[in-house]
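To begin, one chain is listed below as structure tokens, in the form predicted on its own.
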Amino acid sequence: MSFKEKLLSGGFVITAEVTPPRGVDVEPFIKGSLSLKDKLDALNVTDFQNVGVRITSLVGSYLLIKEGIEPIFQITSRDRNRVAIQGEVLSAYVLGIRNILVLTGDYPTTGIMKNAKPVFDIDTINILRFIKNLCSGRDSAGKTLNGTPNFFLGAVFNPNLEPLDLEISKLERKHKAGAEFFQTQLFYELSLIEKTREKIKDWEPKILAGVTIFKSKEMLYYMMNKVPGIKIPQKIIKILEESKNIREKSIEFCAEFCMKIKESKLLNGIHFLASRPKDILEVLNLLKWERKEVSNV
């Protein structure tokens, strides 16, 4: 069963981010991804994460397909105009990629390559619209395609942002533009999702909760201070700061929160953000969830 089939049929899915290598040695990337192969439903391949030079998400996704792993191809508008975006999307389909997560992308000053000039030709809404046009047989200039793709489209949702009503409005606009599933930014208050569900009456969005495992205090402080849109409650910060081993405590806390997420029935799955494969496996071992169906490419 594919990621799309499982999610749309009401299954509880698990995904995670994997980051393409900074260089041409792809073996560690493949090895880490393979360790998650039979544990998760799909792997997001990040797109120039932290505004750094890496192998592209397109190539990273193709490498996963070759290993029998279903990828979610991430694409942002920060580094491409509408021509390049549509060209990469068509190329992705030819390579066997069927899932796409669309993002606008963080501004370069938030990352490594701070002097890079951003593109931002179009935003997430228009990327989604353009991809839906491609799936209907035409590009954004109205030119007829020679063969048409068919994608399962996703976008991001940040329940931390205020006012929440504005973010819910964006969620609905992304859905109308073509998004069928959503992955959230890191958050810790399930009440925010409850409020979101209450506000949306005419449809039930498929939302995957963003969770993470802090491997060190340095990572905790980086996520708190450098990553846009994240809010970590002070009580959680205090617990992690006072722990003798922040990684072990974070793994324990993440497993507890994942269990609450599943039991709440407010969300349709879990998405591991910025977490190492070995840490993700430890969380899953604590949860002892059995995957009755393994996704196939």
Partner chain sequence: MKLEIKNWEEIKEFLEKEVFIFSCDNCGTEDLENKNAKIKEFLEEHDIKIIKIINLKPEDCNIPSLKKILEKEFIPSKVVLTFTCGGLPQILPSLITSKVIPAVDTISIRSRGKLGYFTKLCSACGDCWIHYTGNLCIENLCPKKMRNGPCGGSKDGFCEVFSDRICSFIILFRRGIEIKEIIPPKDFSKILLR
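Treat the numbers as computed from the prediction; the structure is a model and nothing was measured. Positions refer to the first chain, counted from 1.
Not pictured, yet referred to below: the form predicted in complex with its partner chain.
- The stretch from 30-38, 62-70, 244-252, 229-237 that comes within 4.5 Å of its partner chain in the predicted complex, counting heavy atoms only, is 229-237.
- By the criterion of a heavy atom within 4.5 Å, residue 121 is counted among the residues contacting its partner chain in the predicted complex.
- Its partner chain is not shown here, and in the predicted complex it never comes within 4.5 Å of any heavy atom of residue 147.
- Interface membership of residue 215, defined by any non-hydrogen atom within 4.5 Å of its partner chain in the predicted complex, is ruled out.
- In the predicted complex, its partner chain lies within 4.5 Å of some heavy atom of residue 104.
- Proximity to its partner chain in the predicted complex, taken as a non-hydrogen atom within 4.5 angstroms, holds for one residue of 152, 188, 130, 93, which is 130.
- The listed set 135, 125, 207, 116 contains one residue whose heavy atoms approach its partner chain in the predicted complex to within 4.5 Å, identified as 125.
- Taking its partner chain as positioned in the predicted complex, the only residue of 46-84 that brings a heavy atom within 4.5 Å of it is 82.
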